[in-house]
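Quick heads-up: it's one chain on its own, the form predicted on its own, in structure tokens.
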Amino acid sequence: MKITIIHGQNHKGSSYHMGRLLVDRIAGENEIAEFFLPRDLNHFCVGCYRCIENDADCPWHAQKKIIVDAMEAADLLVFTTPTYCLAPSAPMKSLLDLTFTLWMPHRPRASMFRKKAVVLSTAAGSSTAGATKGIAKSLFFWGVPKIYRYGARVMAMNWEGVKPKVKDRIAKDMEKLAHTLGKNTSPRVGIITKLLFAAMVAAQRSDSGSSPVEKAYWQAQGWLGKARPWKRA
């Protein structure tokens, strides 16, 4: 199994450790690509819209492409982020902003419709729902059919300060999740994704999409006909 894990912080805090607990427990010979933000992508989207016409025109294309290529090559995507102000970290949000052309209204990647993903977050005391939901929303619009969310209130500022019983609970939950993810089953695209994709097909056919370049992309994929990204040729 190929795994790409993206951490929404440079330091190895509670969210990082939770992500590694999961990845290290998945059975089999795993090929792991690991990224830290902002270390591996230290830029914000500037709203220039140059990526609408050509992804390579993004000012930060070189760094972004390394991460996107790793995500495309992976079978499993894992995102970890601390909860900051009830939301993902700023570097994680920046990655999502910089990859908005992967959303279905633009130029989605066929590989995304065949992946599993996990979104993990820890918080010192507040809810983690806003952080995991924000990332999961982007993954859904990328077309990822199976997304797991897990959050933990660790009541500590770092992993060393987390109480043993909390660590034990997280470890057990990661063990269960690893077992689920380790099953050799292909995720199935749901009806909501199919309906949304059909709406995007109609938009591209009627020239109400974002640009002629994107319509040409959809045409080249065969999606304006009967081909669909979740169906292998």
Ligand SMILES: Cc1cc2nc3c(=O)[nH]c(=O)nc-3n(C[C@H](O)[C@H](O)[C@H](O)COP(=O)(O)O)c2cc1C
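All residue numbers are counted from 1 along the displayed sequence. Only a predicted model underlies this, so the values are computations on that prediction, with no experimental measurement involved.
Below, we refer to the form predicted together with this ligand, which is not included among the displayed structures.
Across the options 92-100, 109-117, 132-140, 77-85, residues that bring heavy atoms within 4.5 Å of this ligand in the predicted complex belong to 77-85. Taking non-hydrogen atoms only, Val154 approaches this ligand to within 4.5 angstroms in the predicted complex. In the predicted complex, this ligand lies farther than 4.5 Å from every heavy atom of Met71.
Although the partner is absent here, Gly161 is not a contact residue: none of its heavy atoms lies within 4.5 angstroms of this ligand in the predicted complex.
Among residues of the shown chain, Gly19 is not one whose heavy atoms approach this ligand to within 4.5 Å in the predicted complex. Within 4.5 angstroms of this ligand in the predicted complex, the stretch 121-154 places a non-hydrogen atom from each of Thr122, Ala123, Ala124, Gly125, Ser126, Val154, taken in sequence order.
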